[in-house]
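Shown below, as structure tokens, is a lone chain in the form predicted on its own; questions about how it binds or moves come after it.
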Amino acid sequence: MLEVEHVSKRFEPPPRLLRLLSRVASPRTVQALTDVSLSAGRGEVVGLVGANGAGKTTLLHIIAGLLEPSSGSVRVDGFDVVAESLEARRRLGLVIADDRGFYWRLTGMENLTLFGVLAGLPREEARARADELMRQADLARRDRMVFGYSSGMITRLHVARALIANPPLLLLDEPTRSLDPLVSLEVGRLVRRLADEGHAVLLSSHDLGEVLKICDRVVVVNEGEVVLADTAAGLRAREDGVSGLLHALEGAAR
């Protein structure tokens, strides 16, 4: 379903004269990813774990077609995300944990219906799909405007929006960030259920405990490189050692 092969990403600074007209994060070349390979199959949740700044979001943006890799390739359901970007994007949904992205004075149902129409669904089909996803995401109050949603409800609505066209691949960028433990558990159950229904899920997180509960396999990244890849069961057997590794990674990122 998802195949990431030897992906690297460099961010080059603009020419010296243009730096006078623009703000840049670094005046030097930044190597964000180096030779990253991973895969995710249907019915599988793969965790992408690392400290803040490890390169997780950059990788998800490359998979989603928002950035191009400097080298390597990414294929979604057999389609290259650069050479066949439209077909690849049709087969994935991206979730970024953020309160933005919805029309706050529309209801959740109205938002999902709108995004369904924008995705190319006929209006009645979009409304039926929105109704199905509202129930699937446990958002029973279809008449509540989004500005009245809690953080957990917003996160579940983001997941529902990513699923509006029923893509086989779901990319989640720290969906439980800033959520309380109970709501995080609810979101985790939703992710697991989606995988059990046949979706492939790539879940980015810096929370090892969350990943070990939800995921089938785990890939640990540090400074843009894969430093460890194993099954969740294998990591649970050595959880203390991996926790120590992640603490060390967090210290290196500060």
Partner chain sequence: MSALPALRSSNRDRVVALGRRDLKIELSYHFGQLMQLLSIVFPVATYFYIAQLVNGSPELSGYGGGYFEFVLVGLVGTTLATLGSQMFSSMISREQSEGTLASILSTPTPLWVLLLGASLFPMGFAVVEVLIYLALGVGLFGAEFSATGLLVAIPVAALDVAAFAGIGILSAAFIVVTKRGEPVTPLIRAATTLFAGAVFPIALLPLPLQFVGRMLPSYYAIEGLRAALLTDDPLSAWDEMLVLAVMAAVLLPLSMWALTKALRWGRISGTLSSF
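Computed from a predicted structure; not experimentally measured. Between two forms, the rigid core is defined as the largest C-alpha subset superposing within 1.5 Å. Numbering follows the first chain given and starts at 1.
Same protein, other form: the form predicted together with its partner chain, not shown, and the subject of what follows.
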Exercise. Consider the chain as shown here, without its partner, and state which of 32, 212, 67, 226 has a heavy atom within 4.5 Å of its partner chain in the predicted bound form.
Key: 67
Self-check item: Contact assignment for its partner chain in the predicted bound form, among 125, 138, 180, 84, heavy atom within 4.5 Å
Solution: 125
Quiz item: Are 3, 186 and 190 jointly within 4.5 Å of its partner chain in the predicted bound form, each by at least one heavy atom?
Solution: no
Quiz item: Taking 4.5 angstroms as the cut-off for heavy atoms, does residue 199 touch its partner chain in the predicted bound form?
Solution: yes
Quiz item: Within a 4.5 Å heavy atom cut-off, is residue 110 in contact with its partner chain in the predicted bound form?
Solution: yes
Practice problem: Answer with yes or no whether residue 166 is in contact with its partner chain in the predicted bound form, where contact means some heavy atom within 4.5 Å. | Solution: yes
Practice problem: May I ask you to check whether residue 149 falls inside a 4.5 Å heavy atom distance of its partner chain in the predicted bound form? | Solution: no
Quiz item: Residues in which of 130 to 138, 84 to 92, 172 to 180, 149 to 157 have heavy atoms within 4.5 Å of its partner chain in the predicted bound form?
Solution: 84 to 92
Quiz item: Taking its partner chain in the predicted bound form, which residues along 114 to 142 bring a heavy atom to within 4.5 Å of it?
Solution: 114, 115, 117, 118, 119, 120, 121, 122, 123, 125
Exercise. Inspect the rigid-core superposition and answer whether the C-alpha of residue 176 shifts by 2 angstroms or more between the shown form and the other one.
Key: no
Quiz item: Once everything's superposed on the core, is residue 78 shifted 2 Å or more at the Cα between the shown form and the other one?
Solution: no
Quiz item: Is the C-alpha displacement of residue 91 equal to or greater than 2 Å between the shown form and the other one once the rigid core has been superposed?
Solution: no
